[in-house]
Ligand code: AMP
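Only one chain is given next, in structure tokens, and it is the form predicted alone.
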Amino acid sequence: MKSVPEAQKIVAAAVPVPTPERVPLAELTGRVLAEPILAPFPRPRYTDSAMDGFAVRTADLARADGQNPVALRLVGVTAAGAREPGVVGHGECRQVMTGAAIPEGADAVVKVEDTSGFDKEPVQVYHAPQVGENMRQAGEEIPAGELLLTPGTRFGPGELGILAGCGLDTASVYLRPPVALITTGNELVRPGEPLSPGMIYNSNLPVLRTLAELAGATIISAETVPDDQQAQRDSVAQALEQAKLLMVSGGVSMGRFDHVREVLRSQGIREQFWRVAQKPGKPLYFGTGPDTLVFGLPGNPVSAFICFMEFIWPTLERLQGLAPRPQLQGTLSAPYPREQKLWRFLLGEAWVQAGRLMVRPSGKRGSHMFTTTLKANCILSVSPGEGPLEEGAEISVRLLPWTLLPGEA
């Protein structure tokens, strides 16, 4: 039986180098960048106006104020996108809209509110601007060649805006891992169907599917298979044809109808470990094929959930070129049980109080009690030891990525 750190190292070492692919701009949301993005030109590309107003020469307006305006002759209008910005000479001004290129000869922009307005000539200016006032200088935001986005960046609205603003309509990103999911058990019934005596509704299938999708995977198949070796063999063989990662829930323990390890062996999967010194989730399985990583998860819902977050979520991050999120340290607000020989995981709640990360374990601790996930925003864990951790002790905290960390509680 492997320790938790040993098992995590074995899984991390088995993850192959992520595969890049080029994807159009409209499909980049949530994808992870595989190449550096450099600015192809400066931004702004040219010096432009930050305001709707008038492009002027500051030397003409040194004495302008609210009591003594200076009159300037209007020589035209420059709109954003105009091919020719025009020229401003001594005693002249030119209307400029926000984003318009600064006309030749002008060295400042006076906003329209500090003038007699767009519709009056000559234009009365009530403000003496400084050189460069209300102007955005070429390259002041981004010089040409600057590194904008680094590999490992996940595309959100900001990253997409940067890419589009640079005129780039594609990017090289890492492949979304194709994932297959199999849940096993004669007792499993699809939600919505009648429930016979001895049967239970299958919650692991939607939960594991959702977790994989949240982690960035593409689900290529998700099915439930009975405790029949041939049926499981057929399902596993089909999944291995396309999946880079296969999850099998249930059938990995030591029960009479737990066939998954033998089925995987028959399909050429090399077992890397089976059973980890942890609670819950001790019968965790990990194996490798020529092109596929395979995880066998316990059937108990909380066990499967915690095993996914501790082992599969970091694997899916690595397959997309991401560094797994580091664990944090939190301070217990209540005692936490420890096991003499097993790494102990519990769902819990975390919040910030007086600048410290505070945590408490869930009150429901059975591996079948999935209601513990409803208020949880983290997983707490501690290595084997004697006696419980007391209130005030430090503990490892893995924040659940889709949850919020509340402030003062």
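From 1 onward, residues are counted along the sequence shown. Predicted model, so just to flag it, every value in this text is computed and none were measured.
Note that the form predicted together with the ligand isn't included here; everything after this is about it.
Notebook entry, point to check: Counting only non-hydrogen atoms and a 4.5 angstroms cut-off, does Asp258 reach the ligand in the model of the complex?
Noted result: Output for Asp258 is yes: heavy atoms within 4.5 Å of the ligand.
Next item on the list: Mark Gly250 yes when one of its heavy atoms lies within 4.5 Å of a heavy atom of the ligand in the model of the complex, and no otherwise.
Entry: Looking in the model of the complex, residue contacts with the ligand include Gly250, since a heavy atom lies within 4.5 Å.
Next item on the list: Would you check, heavy atoms only and a 4.5 Å threshold, whether Phe118 touches the ligand in the model of the complex?
Entry: No - in the model of the complex, heavy atoms of Phe118 and the ligand never come within 4.5 Å of each other.
Next item on the list: Could you confirm whether Thr184 comes within 4.5 Å of the ligand in the model of the complex, counting heavy atoms only?
Entry: Answer yes; at least one heavy atom of Thr184 falls within 4.5 Å of the ligand in the model of the complex.
Check: Candidate spot Ser362, Thr373 and Leu400, all three in 4.5 Å heavy atom range of the ligand in the model of the complex?
Finding: The answer is no: none of the three residues contacts the partner (heavy atom, 4.5 Å cut-off).
Check: If contact means any heavy atom within 4.5 Å, which of 319-327, 162-170, 300-308, 214-222 contacts the ligand in the model of the complex?
Finding: Of the options given, it is 300-308.
Check: Here the chain is shown alone; which of Leu188, Met97, Leu175, Ala128 has a heavy atom within 4.5 Å of the ligand in the model of the complex?
Finding: Exactly one residue meets the criterion: Leu188.
Note to self: Counting any non-hydrogen atom inside 4.5 Å, which residue from Thr210, Gln137, Gln229, Ser203 sits next to the ligand in the model of the complex?
What the structure shows: Partner contact (heavy atom, 4.5 Å) among the options: Ser203.
Next item on the list: Heavy atoms within 4.5 Å of the ligand in the model of the complex is the criterion; list the residues of 24-41 that meet it.
Entry: Result: empty, none.
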